[in-house]
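First, one chain by itself in C-alpha cells, the form predicted on its own.
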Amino acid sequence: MTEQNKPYEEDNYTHNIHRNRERTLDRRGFMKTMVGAAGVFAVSSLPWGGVAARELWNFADDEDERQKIANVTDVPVGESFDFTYPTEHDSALLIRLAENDYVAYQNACTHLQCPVFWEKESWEMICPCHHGYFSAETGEPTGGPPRRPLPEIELQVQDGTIYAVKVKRYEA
C-alpha cells in the first residue's frame, strides 16, 4: 500500500477493510445469489409440495384392500378383537358394541403412539402410557392428553364375516 492510499496519516492504522474486495458482492451479485438460492429451495421442496397437494385434493384416496378380520361368532358382544390393517405393521382393534354394531380403530394413541386397549368395564378405550381415554362409539378423545380421534376403520359384515374395508381419513 502506498502512502497515497492510506486513509489516515497514523502509523498504527489497523483496519482490515480492503476496498477492492468490497465490490465482489454488489447488488446485482446479491440478487443473483438470492434468485439462485430461491430456485434451489423451490426445486428441493417439490416432493413435499406433491405430497401436500395429494393430501389436500384427495388424490391419495386410494382404496385399501378388503381384509377379513374375524367371524361374527368369534367376537361376543362387549368384547374386542386385535388385528392388523391395512398392513401387518398397523395394529387395530375391533369392538362389538351391540348385536349388530361393530367399530374398529387403529389402536395407536394419537398422543404418542402407545397402544390403546379396550376396557369393557368402563366401556371406553384407554391408553395406559399417559392416561388417555377414547370413546368406543366415535373414537374421539374423552380425557387425557390426546386431542385427535383414533383413525377409524370402515367395516363390512357379510355372511357372518367381518371385513375391514378402508381407513377413514382424519378430518380436522
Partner chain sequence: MKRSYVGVLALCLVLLLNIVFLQLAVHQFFFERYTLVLIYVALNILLFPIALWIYKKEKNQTMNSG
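Numbering follows the first chain given and starts at 1. Think of the rigid core as the biggest set of C-alphas that the two forms share within 1.5 Å after superposition. It should be emphasised that the depicted structure is a prediction, and the values quoted were computed from it without experimental measurement.
Omitted here: the form predicted in complex with its partner chain. The next part is about that form.
Practice task
Using heavy atoms only and a 4.5 Å cut-off, decide whether all three of 130, 157 and 159 touch its partner chain in the predicted bound form.
Solution key: Not one of the three qualifies.
Practice task
May I ask you to choose, among 122, 142, 138, 45, the residue with a heavy atom within 4.5 Å of its partner chain in the predicted bound form?
Solution key: If I apply the 4.5 Å criterion carefully, the residue I get is 45.
Practice task
Answer for residue 115 alone: is it within 4.5 Å of its partner chain in the predicted bound form, judged on heavy atom distances?
Solution key: Residue 115: no, not in contact with its partner chain in the predicted bound form.
Problem - Partner proximity in the predicted bound form: residue 65 to its partner chain, non-hydrogen atom cutoff 4.5 Å - result: Heavy-atom contact with its partner chain at 4.5 Å: absent for residue 65.
Exercise for the section: Pull the contact list for 28-50: residues with a heavy atom within 4.5 Å of its partner chain in the predicted bound form, in sequence order. Expected result: Result: 28, 30, 31, 32, 34, 35, 37, 38, 39, 41, 42, 44, 45, 46, 48, 49.
Handout entry: Large Cα move at residue 32 between the shown form and the other one, threshold 2 Å, rigid core
Key = Yes; that C-alpha moves by at least 2 Å between the shown form and the other one.
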